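Shown next as structure tokens: one chain only, the form predicted alone.
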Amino acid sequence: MDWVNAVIQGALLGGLYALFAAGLSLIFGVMRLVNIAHGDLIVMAAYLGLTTSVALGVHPLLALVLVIPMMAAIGYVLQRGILNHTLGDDLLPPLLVTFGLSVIIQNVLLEGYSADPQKMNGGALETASVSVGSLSLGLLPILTFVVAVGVIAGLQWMFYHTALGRSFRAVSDNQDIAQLMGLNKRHIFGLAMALALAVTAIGGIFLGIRTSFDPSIGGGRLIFGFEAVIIGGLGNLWGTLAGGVILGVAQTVGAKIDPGWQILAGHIVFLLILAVRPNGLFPRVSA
């Protein structure tokens, strides 16, 4: 039963990783942009949630009402003002610019909040649990997983059933033809980044409730997000959820074998899958 519990806990942890990864998958699928600063943006969202919840005296989940539009606005301005100018056939400029952005965000957070670990007060949600047979499952991990499924289902529906989704798919398939059809690709890219950072805001809030955070942890969240995206298949949103679950299960099973193997086990599983399926388990098939 202990092993079953480890697998279930890992699957629930995968929901948090899927929230980290969904934004990465979205922006790569739409504009083939690899955002090195994504992990630091997750941490920035956590700090915005902390500041909002403390200043207004509200629960961190209620702070999402303000944090989501703030992160979306930051994403749109960032894409239109900086990142659009780096896009092209060469992958190096956006990598260098987002790496520089990562350094800037870390230092700004360090100046504003210090290096001391912070944590949001989730109240009773942090310790509440439900019993399933002989297992006791935390309410917060369950809520995180349910939200991750809901977010990814919403993004998938948006992609295939709305005008914005059709615009995303059009510029992803062929930017020049999309421009000729009257789409402003710079605006569409800005909306894609805004949507990606809105999802990132949700991941950042759940991260801040679940565990402590500081300005330096963005790199680790970026790695988990990348691994989930690549395991599932680049550009495949449901694959991203599957990748997060696989990564989470690998980590909890590794920790069950030896506490020191938790992170290492996830990296090993990632490398094994990458060696066998370089395009991920569920790569997006082009029409």
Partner chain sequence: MPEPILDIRGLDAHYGDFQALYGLNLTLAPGEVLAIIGSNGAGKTTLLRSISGLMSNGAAQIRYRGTPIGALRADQVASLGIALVPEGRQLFPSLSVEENLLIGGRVKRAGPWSLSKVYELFPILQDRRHQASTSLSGGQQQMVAIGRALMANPDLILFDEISLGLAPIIIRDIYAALPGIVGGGMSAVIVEQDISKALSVSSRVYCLQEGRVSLEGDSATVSRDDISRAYFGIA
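Predicted model only: the values in this text are computed from it and were never measured. Numbering follows the first chain given and starts at 1.
The same protein has a further form, the form predicted in complex with the partner chain, not shown here; the description that follows concerns it.
Shown alone, this chain has one stretch from 116-124, 196-204, 170-178, 70-78 that lies within 4.5 Å of the partner chain in the model of the complex by heavy atoms: 170-178. Proximity to the partner chain in the model of the complex, defined as a heavy atom within 4.5 Å, singles out one entry of Ala153, Leu135, Ile142, Leu183, which is Leu183. Scanning 70-94 for heavy atoms within 4.5 Å of the partner chain in the model of the complex gives no residues at all.
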